[in-house]
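There is one chain below, alone, in structure tokens, taken in the form predicted alone.
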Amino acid sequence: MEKISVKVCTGTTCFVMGGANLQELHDLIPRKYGDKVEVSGSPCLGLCSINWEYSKAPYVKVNEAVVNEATVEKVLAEIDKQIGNN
């Protein structure tokens, strides 16, 4: 199984809209999934600019799946889904 990539948008809009709360993913993911999942920050995923009026920041990408209005719980649920722990 390939390593799952988790990219947390750290752009201004995402950070202000709750992305700051996603910082704990950097601690939780290694403890829960070991080396199966790699988490990193991204200066901007560019997802807000696609349709600003309906922006659902903060955003996280789990592989290619976009988690909008991301919370720690929603991101962990998507990782579990992709690993097959659903």
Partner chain sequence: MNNIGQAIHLKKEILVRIIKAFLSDNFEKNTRLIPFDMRPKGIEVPYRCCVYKERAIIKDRTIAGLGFPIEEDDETVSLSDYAKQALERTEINNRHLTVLQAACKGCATNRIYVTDLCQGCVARPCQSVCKFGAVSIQNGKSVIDNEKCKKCQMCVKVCPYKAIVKISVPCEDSCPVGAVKKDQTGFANIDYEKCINCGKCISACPFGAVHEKSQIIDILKAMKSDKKVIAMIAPSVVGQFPGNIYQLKTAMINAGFDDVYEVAQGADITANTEAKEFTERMDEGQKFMTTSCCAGYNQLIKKHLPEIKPFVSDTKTPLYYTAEIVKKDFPDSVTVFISPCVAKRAECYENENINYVMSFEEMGALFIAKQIEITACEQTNFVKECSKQARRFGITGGVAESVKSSLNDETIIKPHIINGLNKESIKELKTIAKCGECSNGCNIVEVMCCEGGCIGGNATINNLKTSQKLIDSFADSSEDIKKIG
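Residue numbers count along the first chain shown, from 1. Source: prediction; values computed, not measured.
As for the form predicted together with the partner chain, it is not shown, yet the points below apply to it.
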**Message:** Is residue 37 part of the interface with the partner chain in the predicted complex - any heavy atom within 4.5 Å?
**Reply:** no
**Message:** Does any part of residue 44 reach within 4.5 Å of the partner chain in the predicted complex? Heavy atoms only, please.
**Reply:** yes
**Asked** Is residue 17 a contact residue for the partner chain in the predicted complex, using a 4.5 Å heavy atom cut-off?
**Response** yes
**Prompt:** Quick one: does residue 57 come within 4.5 Å of the partner chain in the predicted complex, counting heavy atoms only?
**Reply:** yes
**Asked** in the predicted complex, which residues of 9 to 28 put a heavy atom within 4.5 Å of the partner chain?
**Response** 10, 11, 12, 13, 15, 16, 17, 18, 20, 21, 23
